[in-house]
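Okay, so here's just one chain, in structure tokens, the form predicted alone.
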């Protein structure tokens, strides 16, 4: 389940980098904001978290498009290496600013949704039905996203730009418009994953950058721009963290992402489902 959340959020980061050549270090902050939005909807509007996870998508697509147009679009004409450096500095600054502003205005240092469902019992094993529903919902959302990328014009344009930016431009793909929508989609996926995250774990305003590091691990592990790779990479990282916490202790769990990142860069830099140059 944790791996599914990682995979859903990491795919937004992967597809944004694949289309825009922009490394968004503020990605984790959008998950944090989505978590707080889900909490506010649950407490003040009594809204079911699963409904919130769907409703935040169009809202955060617009937020992501605005973020792109305001901060990223002015530097997209730079050479590739300058664009990458500029995007890292811009999004890192935005990440720190969002973190500080959220810490100032959000008075609850630790936030979580008290939402439970009756558990399932199979023999002597008790299974959380909430966690099963979250995992099922994430799988359905991933399938819908895959169909969207394959069957719609925007989805095919995103895939075309990922494969060949110049080729997509030649056949008439509106690069600027698709780039803005892609960035917005990546932000929306992170926010949607945040709803599930706050339903199952506690959230603080400072979780953004550590989560972004984990998403980078998932992206490298699964392969750039691959939805299947992001899901599988997220599952691998989630299971690795769970087993590490169980057998070695919770204090060792955060470092497993770096171990996997180093290992995959040495063994297969293109990732499990990436295409070798």
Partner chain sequence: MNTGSRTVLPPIAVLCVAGILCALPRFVGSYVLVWIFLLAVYLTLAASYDIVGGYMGYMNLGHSTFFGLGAYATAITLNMGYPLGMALIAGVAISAVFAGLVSYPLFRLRGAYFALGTFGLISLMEVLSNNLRGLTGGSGGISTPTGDHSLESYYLAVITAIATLVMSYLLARSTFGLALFAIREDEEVARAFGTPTALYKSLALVIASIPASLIGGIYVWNVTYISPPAVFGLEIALSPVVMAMLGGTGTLMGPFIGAISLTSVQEILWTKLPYFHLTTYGVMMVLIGLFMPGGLVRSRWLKPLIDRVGLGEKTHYANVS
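All values reported here derive from a predicted model rather than from experimental measurement. Residue numbers count along the first chain shown, from 1.
One more form of this protein should be noted, the form predicted together with the partner chain, which is absent from this view; the next part is about it.
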Choose from 32 to 40, 54 to 62, 236 to 244, 208 to 216 the stretch whose residues reach within 4.5 Å of the partner chain in the predicted bound form, heavy atoms counted.
208 to 216
Of these, 150, 78, 169, 177, which has a heavy atom no more than 4.5 Å from the partner chain in the predicted bound form?
78
My question is simply whether residue 20 lines the interface with the partner chain in the predicted bound form - judged by any non-hydrogen atom within 4.5 Å.
no
Residue 136: heavy atom within 4.5 Å of the partner chain in the predicted bound form?
no
Does any heavy atom of residue 144 come within 4.5 Å of a heavy atom of the partner chain in the predicted bound form?
no
Answer with yes or no whether residue 231 is in contact with the partner chain in the predicted bound form, where contact means some heavy atom within 4.5 Å.
no
Please determine whether each residue of 71, 101 and 220 possesses a non-hydrogen atom within 4.5 angstroms of the partner chain in the predicted bound form.
yes
Heavy atom within 4.5 Å of the partner chain in the predicted bound form - qualifying residues of 83 to 104
84, 85, 86, 88, 89, 90, 92, 93, 94, 96, 97, 99, 100, 101, 104
